[in-house]
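Listed next as structure tokens is one chain, alone, in the form predicted alone.
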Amino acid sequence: MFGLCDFFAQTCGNLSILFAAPVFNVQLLIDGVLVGAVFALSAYGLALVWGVMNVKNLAQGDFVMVGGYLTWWLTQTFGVSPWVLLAGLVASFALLWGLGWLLYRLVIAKVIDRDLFTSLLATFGIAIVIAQVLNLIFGSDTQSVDPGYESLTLLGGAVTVAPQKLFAFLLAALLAAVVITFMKRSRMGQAIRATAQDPRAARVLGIDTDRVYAFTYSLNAAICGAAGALIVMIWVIQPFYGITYSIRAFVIVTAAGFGNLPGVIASGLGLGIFEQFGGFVLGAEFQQAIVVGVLVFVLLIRQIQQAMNRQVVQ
């Protein structure tokens, strides 16, 4: 009882800080946008796999962790600099591309035409294996990259922005622009969109859908690897943290819908902001619970919308 009272007292105290000092809202808003951009990047990969292949990839966050650990290892080996961080992003993209292609050939291609439970079980197994391998290689301690740069100050020093967060935000925006341009202008991007709309018609038109599926899953893994390289710059990684990023991706894609890139970006930024404000008000220990709560809320809203649509049709 006393613990509950203390919790409410702390929550009310934190809320009063936000009302009494509006500058804290600016700080949380900036941090949420910078972090949410990376969330949106990894969620876009899930939207591709889910929309094109109808595979709910539970290993999404574990791909992110692989990219994060590769970049962290490079900084431990060659030191921390913008060029090493950029090299980590490129290397993570390339390594995860190869891993995604290998996993598609060995596992995903064999379950893509199966029921939902089979694909969920297969990707969950991949997630467990990746987490355990990372744990064996790097240990269970949390890791992060600290460039040691001085924070930028705004509003007379009341608001601070870590340069690595700004760097990660710009790289995420650049990578997203490259992927969007590729999807719109290239022949493979057109083939991916055609396969997502109607796989049977795409095959009739001569599109090799198996090649499209392999490319899509590899691209998703590569995007997640790049997101991991960015996350290790602004947050912490740990072998078993992948599930939290998988949940974030599911929240964003479920809220935005398939093929809705502006919606994915908006949902990613919104989730980042919501997490920052929720973590400040409720406490950092509730930040992960907030993500799960948002997922449950989004699923409930989707169920209500579907029920209303069925009533309208009837």
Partner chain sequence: MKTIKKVALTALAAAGFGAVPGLFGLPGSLLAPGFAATPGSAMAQECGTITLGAALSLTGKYSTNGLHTKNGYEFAIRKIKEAGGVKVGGKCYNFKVIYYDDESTPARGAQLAERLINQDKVQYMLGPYSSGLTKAIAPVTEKYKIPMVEAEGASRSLFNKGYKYLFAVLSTSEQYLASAVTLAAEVAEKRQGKKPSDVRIALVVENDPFSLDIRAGVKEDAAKYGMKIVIDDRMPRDLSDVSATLTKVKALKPDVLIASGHSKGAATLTRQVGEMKIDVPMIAITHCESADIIGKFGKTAEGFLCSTQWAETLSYKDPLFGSAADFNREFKAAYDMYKNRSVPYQAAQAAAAIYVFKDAFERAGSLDKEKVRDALAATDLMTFYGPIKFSPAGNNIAKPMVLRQVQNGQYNVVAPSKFASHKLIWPRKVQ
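Rigid core here is just the name for the largest C-alpha set that superposes within 1.5 Å across the two forms. The shown structure was predicted, so the numbers you read here are calculated from the model rather than taken from an experiment. Residue numbers count along the first chain shown, from 1.
A second form of this protein, the form predicted in complex with its partner chain, is not displayed here; the remarks below concern that form.
Screening 97-105, 155-163, 179-187, 212-220 for residues having heavy atoms within 4.5 Å of its partner chain in the predicted bound form returns a single hit, 155-163. Taking a 4.5 Å heavy atom cutoff to its partner chain in the predicted bound form, the contact residue among 135, 77, 118, 197 is 135. By the criterion of a heavy atom within 4.5 Å, residue 113 is excluded from the residues contacting its partner chain in the predicted bound form.
Contact annotation for residue 28: at least one heavy atom lies within 4.5 Å of its partner chain in the predicted bound form. With a 4.5 Å cutoff on heavy atoms, residue 93 does not count as touching its partner chain in the predicted bound form; it lies far away. The closest non-hydrogen atom of residue 306 lies beyond 4.5 Å of its partner chain in the predicted bound form.
Taking the partner from elsewhere, every residue among 35, 139 and 145 has a non-hydrogen atom within 4.5 angstroms of its partner chain in the predicted bound form. Using a 4.5 Å cut-off on any heavy atom, the residues of 217-242 that reach its partner chain in the predicted bound form are, in sequence order, 232, 233, 234, 235, 236, 238, 240, 241. For residue 246, the Cα coordinates differ by under 2 angstroms between the shown form and the other one after the core has been superposed. If you fit the rigid core between the shown form and the other one, you'll see the Cα of residue 278 move by 2 angstroms or more.
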